[in-house]
Every structure is written in C-alpha cells, then in structure tokens.
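The data below hold one chain only, encoded as structure tokens and taken in the form predicted alone.
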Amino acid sequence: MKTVLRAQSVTKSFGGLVAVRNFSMEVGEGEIVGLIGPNGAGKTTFLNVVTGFLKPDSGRVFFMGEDITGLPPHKICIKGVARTFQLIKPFSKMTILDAIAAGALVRVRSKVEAYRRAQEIIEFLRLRNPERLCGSLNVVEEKLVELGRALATKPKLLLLDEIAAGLRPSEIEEMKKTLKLIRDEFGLSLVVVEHVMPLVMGVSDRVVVMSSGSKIAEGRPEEVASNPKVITIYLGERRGRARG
C-alpha cells in the first residue's frame, strides 16, 4: 500500500506544555484512519501541524513522499491535503453553492469550472436548495457544506476534526455512509479525529490512540476497543467528568 501521509517523531509545545510528543503515524492510499483520545490529547494540534497552521518544534511531515513540514496552509492544500475544522465557521452570507465553489477556486481559475465542481459535490452530498444562505442551515447541513468545501479542493488526503459532534444517532449513521462513499467514489485517504465512537469505529480501517500528546495504541478498531490502556484512559476521563 502506497503511503500518503507519514508523520515522523512530531513534537509541538506551547510554553511548558507539550501538546504533541514524539508522535508518528502513517496513512495509506485509500485508507481511513481514526485518531482518537481524551480531550487535550493533542489530536487537533497534530492536524494543525500537518496542515501548516502550526510549525513543529521537531519531527517531519511527509505527503506523497514530499517533505511538507512547515509549509503554509494554502500550499499544503494545493498539494492535496484538505481538512474540516472542529469549530465550524460557515460563510453565513454566502449561498451553499458559493461557499463550496470557493473551495474549488483553490484548484481551478475558471468560475464556471468552480461552480460545476460545486454542483457535483452538492448532488453527491444530497444538499437541498443550494441557493440557501449558509446562515440558515442546521448543524448537519453546516457540516456537509464544510465537508463539501474541503472536497471541492480535490484533495488526496482529507482530515476531519469531529465531523460527528452534535449529530443525532440517525445522522451519525448517515455520516458513516457518506465518509465511506467519499473514500470509494473519490479515491481519498481520510484521517478521522473523533469522540463519537460509533462513527470512528464504524468507518476506520485502523485506529490510532493519543494520550497526553503520545501514541499509546494502534490497530484494528476491535483491537483498540479491547486494549486495557485505552479502556483505562477513557474510563478515567468519564470518572473525571462525573466528579466535575
């Protein structure tokens, strides 16, 4: 299997806090990899390093064999890495069609081509009434527009940061189907950062677990779910919440 993403010994600190510590992981072509861990484990910080929003203190990030460490986000996007964000900030005064076409303009110069690409993605994601303003959308629709905007950049690697947060069980099931279709129809590799276990365990070929910035487990979903270290960490987090 061809390696799409390889992160090698990545470390990132903020003052005295080490958010990501000597962290390594790989993603193969056409693979969906779940990245899980308690709050504060370093998952989003790692995504920010991969996508150029943060520069690592040490370590390297390779995409399709090329060292992209420290490149600015727009250059990494052009190379074929797209992401969604944990906190969605929709273009509230733009229509669904315009918002997704904005992503396509990263890849094409023609507005006609950008809107054609956006319309294809809207149909694929089954978004209704693309002339609606993004400010009028519900949570599911906002997430689909964010996902569509990322897809419009024609990535080879898609990084999703808590795409299922706030969704109802039936909506989570639909999102699982959508992510698998994205992998199959567009031929992408995905990294899914998620706290919603039914989604991440249901779509991932492999799961990586972070805690306190370090990798503590990796394997097939069923292996990770039965790993004593992982169980202890998640039970500890739940007990802490209960006390709070």
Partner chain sequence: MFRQPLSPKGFLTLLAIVALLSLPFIIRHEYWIYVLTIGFYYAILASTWNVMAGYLGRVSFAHAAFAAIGAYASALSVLHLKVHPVLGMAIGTVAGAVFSFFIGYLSLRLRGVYFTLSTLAFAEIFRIIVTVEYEYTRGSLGLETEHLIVTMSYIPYYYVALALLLGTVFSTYLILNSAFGLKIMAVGNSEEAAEAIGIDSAKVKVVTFLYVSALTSLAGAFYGHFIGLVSPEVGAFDQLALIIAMTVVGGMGTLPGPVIGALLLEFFSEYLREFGIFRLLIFAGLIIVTVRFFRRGLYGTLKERLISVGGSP
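Residue numbers count along the first chain shown, from 1. These figures come from a predicted structure and were not determined experimentally.
The form predicted in complex with its partner chain is left out here; the points below concern that form.
In the predicted bound form, residue 143 stays away from its partner chain, with no heavy atom inside 4.5 Å. Contact annotation for residue 77: at least one heavy atom lies within 4.5 Å of its partner chain in the predicted bound form. Among residues of the shown chain, residue 173 is not one whose heavy atoms approach its partner chain to within 4.5 Å in the predicted bound form. Among residues of the shown chain, residue 83 is one whose heavy atoms approach its partner chain to within 4.5 Å in the predicted bound form.
Here is the short version: of 125, 106, 167, 137, the single residue with a heavy atom within 4.5 Å of its partner chain in the predicted bound form is 106. In the predicted bound form, its partner chain lies within 4.5 angstroms of a heavy atom of only one residue of 34 to 54, namely 53.
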